[in-house]
Structure formats: C-alpha cells, structure tokens
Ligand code: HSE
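In structure tokens, the next block holds one chain alone, the form predicted on its own.
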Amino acid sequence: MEYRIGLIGCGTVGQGLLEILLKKREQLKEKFNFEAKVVSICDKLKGSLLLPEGIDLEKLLHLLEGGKKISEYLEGESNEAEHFDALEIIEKSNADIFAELTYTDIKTAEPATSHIKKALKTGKHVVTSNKGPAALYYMELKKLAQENNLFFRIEGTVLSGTPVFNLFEHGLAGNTIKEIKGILNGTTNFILSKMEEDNMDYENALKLAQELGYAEADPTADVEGFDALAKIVILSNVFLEGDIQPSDAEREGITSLSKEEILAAKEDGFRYKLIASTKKENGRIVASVSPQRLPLSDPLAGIMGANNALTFDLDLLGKVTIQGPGAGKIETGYSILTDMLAIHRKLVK
C-alpha cells in the first residue's frame, strides 16, 4: 500500500528518515506491503518542494549532502512551493501522512502545534518527534485526531527510536503501570558518567559533552532538567491518562551536584543519576526530575554514557527496564518510520 508523505522540517531527523526510506524501500514493500512516496517538504532554512508525483529521494539527499537547498531540486524550473509557508504546504499537499520535525520549543510548542493542527484539520495523519506539542497539548491533539478519524503518534518524543509507546501497544499490552522512572537525557548521563569514571569536574565534563556534540552551546535545557521534564510529562499524560503541564512537576538539574558528592556516593556503593519519575498518588499524578543516589543493584545505575533507559513498574510483570539511544539522526528517523508502519497496520486491518 502506497502512502504519500510530507515533511515539515528537513534537518537531521528529516534527512535520517529520508535515508531510511531510500535504503529500506524494497524491504518495507516486500515485508510490510508499505511504500512511501514523499510528495512535499518544507524547511525554514532549506526551502520547500511540492511534487504530487513524488520526489526522487536519492537526488534530493545528494543535493542536501552537497550543502544545496531543497528548492534547487527542480534545477531552474518554476517552484511555486518556494513562496508557500509551512501551513500552505500542509494545506496544498496531497500527503496522507505528515511528519512534523521542526525544532522544539518547550515553552510555546510553536510553530509545531499549529502545523499539527493544520494537518489534522485537512485530513492528514501526523507523526512527530517534537516534544513541545506532545508535552503541552497531547490531549487536545489526540482528541482532534480522533474527531477527524486520524492518527497522531509520538514515538520519537521520549527515547528517540527506542520503543516506548509501540512497546506498550503490543508487547506490554494489558499491564497497568504503577510507576515510571528513568534516565531521559543522554547529555546529563554522559556528564555524570565522566565525573565519576574519569574524575572530571562538572565544567570539564560539560565541555567534553559539547565537543562531542552531546550538549548544545547553551546546555540549559539538558543540565537544568527541562528536557527530561518534558519527556516525563509526556509519559504521564499518555500512560497515566493525566493532563499535567511541565509547571505541575518538580524539577532540579545537575548543576549543583559536585564531583565530591558523586565520588562519595561511589564509595558508599551508590551512583548519581538524573531521574525522571511519575506515578499516581490518591488519583493525582506526581511527576519530578532530580538527581538521585541509586544503589548499584538498580538497573538504571548501570546505564552509563549518553544512553537512556526507563523502568516500568507493572502490575503483571513487575519491573521491566528498557535501554537504548535517546537521540541520533538514524535512530530518531527510525522512530518516525515505526509510527508510519503503526498507522499502516491499523489502516489495513
């Protein structure tokens, strides 16, 4: 079955998705009867393209790898789409599924939320790795999708391509969650690992994380816990059926944690991790992000480097921990593919 695909945002994640769709084209068709034809792309910096007959992904990726713009794809031909903004592209596109892959703004969730609403109101399914809309407006967007008999899926918002929502939809279906806790930010986990293993102070560990590309020039969202906070809010609202905002959860980052505290914990058989957690108490969701001393017997204590992990405390299985990458070009691009395949499975039932 062929699906027409549109992309809003064609940065690292968007290009990762395009690479996967190109590389896995035959396998997806043969194994899953899934064919993807990319018909529209809009990127604030790279330009726009609207081709109902489909875009040659190999040609497009070659252009992007050479530092050229999407708009140069037509090689001098008229490109009407170049004058459209993202909302116009969404409305005029014949896409069945839109992937919203623009930058994350955790304070306003824009412009991503407007893009998603426009797509759902014009009959397109939406998949996204953008944490903003999922953290601030999940229930509203889910309701809008249901009202229009469409799907809104967010696998890539928490652990990149490591399955969380798809895992519960199938592998862990039927369980009731008692508590969720985990390491949801690879940057801070890398910094804490280096402070313990290599006896680094915070400033040097952060500098190394920035040099390796794990941390941004402004690392505030990571080291002050805002990124992990957005993710635990998403998990609270999806799995615990809450409707909380980031402001409803307690948050503390790692900037006040000293090397001496970390090494002292190690001597005592403990390890510091930035832990995000959520559970229901008396019908109320209690969510938080904070540095915690974990016993080395805790599976989360063994997660080192830039890796992420989640432990689910379940009524039927007890504690189940999953570990995997929480970021990456191909990894996050893969999360978008898994959501597209999930929509495909539901539509062909």
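Predicted model, so just to flag it, every value in this text is computed and none were measured. Residue numbers here begin at 1 and follow the sequence given.
There is another form of the same protein, the form predicted in complex with ligand HSE; it is not shown, and what comes next is about it.
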property	result
Sole residue of Gly161, Gly253, Pro133, Gly186 within 4.5 Å of ligand HSE in the predicted bound form, by heavy atom	Gly186
Option touching ligand HSE, based on a heavy atom within 4.5 Å in the predicted bound form, out of Ala205, Ile89, Ile154, Ala215	Ala215
Close approach of Ala327 to ligand HSE in the predicted bound form, 4.5 Å, heavy atom	yes
4.5 Å heavy atom contact, Asp227 and ligand HSE in the predicted bound form	yes
Close approach of Lys231 to ligand HSE in the predicted bound form, 4.5 Å, heavy atom	yes
Residue contact check: Asp222 to ligand HSE in the predicted bound form, 4.5 Å heavy atom	yes
Heavy atom contact within 4.5 Å of ligand HSE in the predicted bound form, the stretch among 117-125, 207-215, 266-274, 238-246	207-215
